[in-house]
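Take a look at this one chain, the form predicted alone, written out in structure tokens.
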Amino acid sequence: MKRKISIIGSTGSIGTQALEVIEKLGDRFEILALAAGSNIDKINEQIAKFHPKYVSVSKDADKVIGCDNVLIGQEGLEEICSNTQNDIILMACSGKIGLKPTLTAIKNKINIALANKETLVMAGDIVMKLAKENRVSIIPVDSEHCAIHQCIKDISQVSKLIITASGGPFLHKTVEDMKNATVEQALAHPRWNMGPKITVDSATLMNKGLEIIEAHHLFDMDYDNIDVVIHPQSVVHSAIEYVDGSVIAQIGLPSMHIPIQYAICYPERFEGIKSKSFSFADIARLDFEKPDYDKFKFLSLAYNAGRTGGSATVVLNAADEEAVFAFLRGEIKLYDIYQITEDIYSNFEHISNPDIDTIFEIDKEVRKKTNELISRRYACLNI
């Protein structure tokens, strides 16, 4: 029997790779709905190939070709995520736009394959509590969390989570190199093909900081028991340590097709687009080292935000995102991203248990203050 799936963010990096996975799996899946932003040309190509019953776009719905049920905006996402014909929804969009649709899907008892970081970073306590109440499975798509998910049999017997990081393009560069880095250099990730925002976060290791927060919520693990280790080859995707000292790691080639397939097919496994016999001899060596917390300052800030809880992670995420966008526009330098984020984070009054509406209000206010700070401090610079 075909599994019905909807993909929120179908034209992005994760969404397009997910469709490649589904195409390879043949008749195991039926695309119920695809949702995209404003890339109408791409969504029209996907409609012609996969024939979804529903499509949602952020604008220009009149330009969508080949689907009779075209939805628009946030309401369109909510409608797709309310449709109980779904067996699973892949939340592949980036940004805060994924939070409310995820909550809607959970309330409708639809399982989630989660690739949207902001959902747990902004509202992890709320999301995981609701998922537990509705007996909804949230299967992580991020390679690190997917690896941990595959390793765990009984979370009560796990003493530590070990999240690996490639180190990005500046692993063996100096702080001065990072301060003077161009956008092109920051986007030149040595291992992974990702969108620009997440690639910049990988260059500063903010991405790993967000993954620490996600791991805390996904696996209900104390921050003191979540470690980060640099692993440049990106072959060991993460590991866990059991209370008896045994360490279990998940190993595979660096391809997002594999964790995407795991998440949407769970608990079954099939031969897929990147299935091949893994060769330890070809890999030859695996290197590990401690992260440089002085160079990659976002790691400490993320631990602090996670331990503080409440609105702290909302502030961290929103300030970083706006600063990254400013860097990508050429308005600030790479190392300014941390300083701006830290300034906003340190001067924002945190709230212990914000509800969803308050979370979005805080997110909006933080973004406003961040852009005001960027305009005030950096407008006179010629970068």
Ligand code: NDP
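Start at 1 with the first residue shown and count on from there. Fair warning: this is a prediction, and the values are worked out from it, not measured in the lab.
The same protein has a further form, the form predicted together with the ligand, not shown here; the description that follows concerns it.
- Only one of M194, A181, A239, L187 lies close to the ligand in the predicted complex, with a heavy atom inside 4.5 Å, and it is M194.
- Residue M256 is the only one of A312, M256, M221, L71 with a heavy atom lying within 4.5 Å of the ligand in the predicted complex.
- The stretch among 36-44, 349-357, 62-70, 332-340 whose residues place heavy atoms within 4.5 Å of the ligand in the predicted complex is 36-44.
- The candidate site formed by K173, T204 and L299 is entirely out of contact with the ligand in the predicted complex, as no residue has a non-hydrogen atom within 4.5 angstroms of it.
- In the predicted complex, the ligand stays beyond 4.5 Å of every heavy atom belonging to M122.
- Using a 4.5 angstroms limit between non-hydrogen atoms, S94 touches the ligand in the predicted complex.
- The closest non-hydrogen atom of I148 lies beyond 4.5 Å of the ligand in the predicted complex.
- None of the heavy atoms of K274 is located within 4.5 Å of the ligand in the predicted complex.
- Contact residues in stretch 106-123 (any heavy atom within 4.5 Å of the ligand, taken in the predicted complex) are A115, N116, K117, E118.
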